[in-house]
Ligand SMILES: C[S@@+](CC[C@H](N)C(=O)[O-])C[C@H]1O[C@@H](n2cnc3c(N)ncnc32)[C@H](O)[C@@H]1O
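We begin with a single chain expressed as structure tokens, specifically the form predicted on its own.
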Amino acid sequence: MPKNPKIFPITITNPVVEDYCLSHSFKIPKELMEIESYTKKNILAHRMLSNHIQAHFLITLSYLMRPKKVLEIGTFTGYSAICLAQGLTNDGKIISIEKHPEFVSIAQNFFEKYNYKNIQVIHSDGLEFVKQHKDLYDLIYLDADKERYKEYLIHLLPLLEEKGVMIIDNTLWKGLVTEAAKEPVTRKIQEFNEFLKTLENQIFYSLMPIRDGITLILKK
């Protein structure tokens, strides 16, 4: 990418390389293909959906961790929750929080259709939920309103088990974080990324160029 591009691409990685990676990796569950197709056809904001490269990352991490308790903030149409459910223990469970009732309904329909009884969707504002919540989780996935990422993290860290993992999506924000912010969301994500540097005594973290940027946090 040029140092000062005028226009940022939707994808920040090479799509040809991504296609090659997908053709040399395991096949994702068929239900994810259906959710992707439905979302693209019916949801105006379909770009919020995780792509297949991100699906591979989430599924692989879930299998590596074998989590028992997962918290997701931002269900959307259910794609990422199904990814994270792949490696759950037999008695594991995902709590997924979604503030838009139409997305709660869509995701719930997919979970029921494909018998994901280990995923529970709760209709709530994500931040209000975590402020009042006390349970601990092995794995937390944050993909909600970007302007409040810093506040989310402050309230989510106490809910993460020791050696637990948190995944935070969209932390490169189409590559716009590399430039002087021209709008509030970019500025807030930049502030969040800088804020992580102040927590190095509590967490190990890595920002990776997967799709729109994923920050992986390990609680020390």
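Heads up: residue numbers just count along the shown sequence, starting at 1. Bear in mind that the values here come from a model prediction, so they are computed numbers and not experimental data.
What comes next is about the form predicted in complex with the named molecule, which is not displayed.
Only one of the listed residues (Ser62, Ser50, Thr186, Asn193) places a non-hydrogen atom within 4.5 angstroms of the named molecule in the model of the complex, and that residue is Ser50. Note that among 63 to 71, 176 to 184, 147 to 155, 160 to 168, the stretch whose heavy atoms approach the named molecule to within 4.5 Å in the model of the complex is 147 to 155. Contact annotation: Tyr137 falls outside 4.5 Å of the named molecule in the model of the complex, judged by heavy atom distances. Within this chain, His100 lines the site of the named molecule in the model of the complex, having a heavy atom no more than 4.5 Å away. At the 4.5 Å threshold, heavy atoms of Ser124 reach the named molecule in the model of the complex. The named molecule is not drawn, but in the model of the complex it has a heavy atom within 4.5 Å of Phe76.
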